[in-house]
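Provided below as structure tokens are two forms of one protein chain, presented individually as structure 1 and structure 2.
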Structure 1
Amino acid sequence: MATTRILEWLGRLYIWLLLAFLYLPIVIMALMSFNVSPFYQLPFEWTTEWYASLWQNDQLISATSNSIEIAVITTILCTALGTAASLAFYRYEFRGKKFLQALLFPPIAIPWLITGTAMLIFFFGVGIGRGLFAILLGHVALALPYVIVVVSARLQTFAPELEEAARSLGANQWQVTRRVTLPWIMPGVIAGGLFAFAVSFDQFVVSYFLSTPGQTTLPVEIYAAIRKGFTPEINAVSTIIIVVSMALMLLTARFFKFGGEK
């Protein structure tokens, strides 16, 4: 009994230490975005000066806008294309199917440094070059496999008898997909979309290779700002992004019941 309690206490301690390791740096960064000192000096003095300065930093605002725009477009394209591809893999048998499914994993496993270099060479070779459009294409190529894998995993729990029953009742293929299949796989579709958004918004390596001066994303701009000299405005924009992201995640988990029914 005593050994069990000790192990239980150590397990709880380990979890709390792990959570502290993950979230304490984020909390400190958020607090320092409200500190009057740009050098993190103590004692702490409350201010919103850095948030006011953020709105006057055209480079950070432009980079943030580019990141959000690219991430949203990437999410929409990858969710639509990935869901359609997953349904095709699930419903149909065709030559080369296994080979195409196997090709989904190299983009996930290959280091992004190699992928970014390859994309840079390819885009220059076909005349696309660098810029926001090239970044968008690169992000779609990186995020699409994640959506297909997640939605395909959800489809493995789907009973094909449900579609057959709907067809026997007179439903056409579109009605079967819209009213039977999509509601079942919607948690996987939403999860895949969130993966796509995260991959795109946080992507640095590919964005760094494909960006041009004046047309960058937020991770690239933060990297450039750190090289020139760190400012608390980066803490401010990071805090805003974290708060908004966590709020969206909580709302998504709440309304789509990822945790299941109790």
Structure 2
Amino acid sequence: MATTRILEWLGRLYIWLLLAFLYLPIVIMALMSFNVSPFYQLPFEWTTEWYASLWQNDQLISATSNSIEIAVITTILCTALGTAASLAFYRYEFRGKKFLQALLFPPIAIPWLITGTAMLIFFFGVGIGRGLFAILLGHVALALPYVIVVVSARLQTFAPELEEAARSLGANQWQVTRRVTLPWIMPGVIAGGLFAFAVSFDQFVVSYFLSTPGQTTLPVEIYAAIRKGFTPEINAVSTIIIVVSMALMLLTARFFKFGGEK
């Protein structure tokens, strides 16, 4: 029994070490965005000057608004298209269904480097070219499978009898969907939408290959800045991004339980 106690205690300690490994670099990066020295020199002296100077950086501001715009449109399109597809998979049996479901995995499993370069070649070849529209095309395709998976998971908990009952009471297909099915799966739809937003807002690789100097997103702009050299301004904008995306995921977790906890 004593050994069990010690082992459990060691286990807990281990988890805290892992959390330190995961979070310490991020915390340090965030702290440095509040430090006076442009060369990250210690001792630490508090300032918000790096955040203030972000407001003067027009390039960064336009990239940020591009990122937000694309993420919002991606979210709307993905939730609409993804929910429709999930409903089709839930309601109907047909030949080739397994195949269509299997087709959702390549976008998730193939490295973004391959997908991104393939999109660049194809969009260039058919005349879409690079730029914000191409980026949007790519983001929706990358996020769509996640939305379908999340909404389908929620649909698994839905009782088909409810749709039957509504139909037998005289509701048509659209009324059934709007009044019965959608309210039930709403948490899944919201979680899927938040996923889509996160996938788009954090996407770097695909945006990188599809952007042009004038039409770019925030992560691409940050990558360019990092390659020029490290500055506390990069820390400041990175800190903002990390806070936003973590807050988004915490919000998502409220609607969607990861890991199938009871």
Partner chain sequence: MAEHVATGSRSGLRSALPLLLPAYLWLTVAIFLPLSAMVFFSSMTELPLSGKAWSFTLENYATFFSERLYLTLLLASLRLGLEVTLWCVVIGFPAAYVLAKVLKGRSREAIFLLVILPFWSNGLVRIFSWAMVLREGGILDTALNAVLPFKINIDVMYSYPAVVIGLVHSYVPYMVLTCYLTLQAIDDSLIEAGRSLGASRLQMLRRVIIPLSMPGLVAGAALIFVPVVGSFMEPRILGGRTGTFYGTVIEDQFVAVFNWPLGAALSFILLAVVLVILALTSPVLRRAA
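Remember, it's a predicted structure, so these values are computed and weren't measured experimentally. By convention here, residues take numbers in order along the sequence of structure 1, the first being 1. Think of the rigid core as the biggest set of C-alphas that the two forms share within 1.5 Å after superposition.
Only structure 1 of the pair represents the form predicted alone. The Cα shift for Ile148 between the two structures, taken after rigid core superposition, is smaller than 2 angstroms. In a rigid-core overlay of the protein, Leu13 has its C-alpha displaced by under 2 Å between the two structures.
Taking 2 Å as the criterion, Leu137 does not count as shifted between the two structures: its C-alpha moves by less than this amount when the rigid core is aligned.
Core-based superposition between the two structures puts the Cα shift at Leu248 at 4.2 Å.
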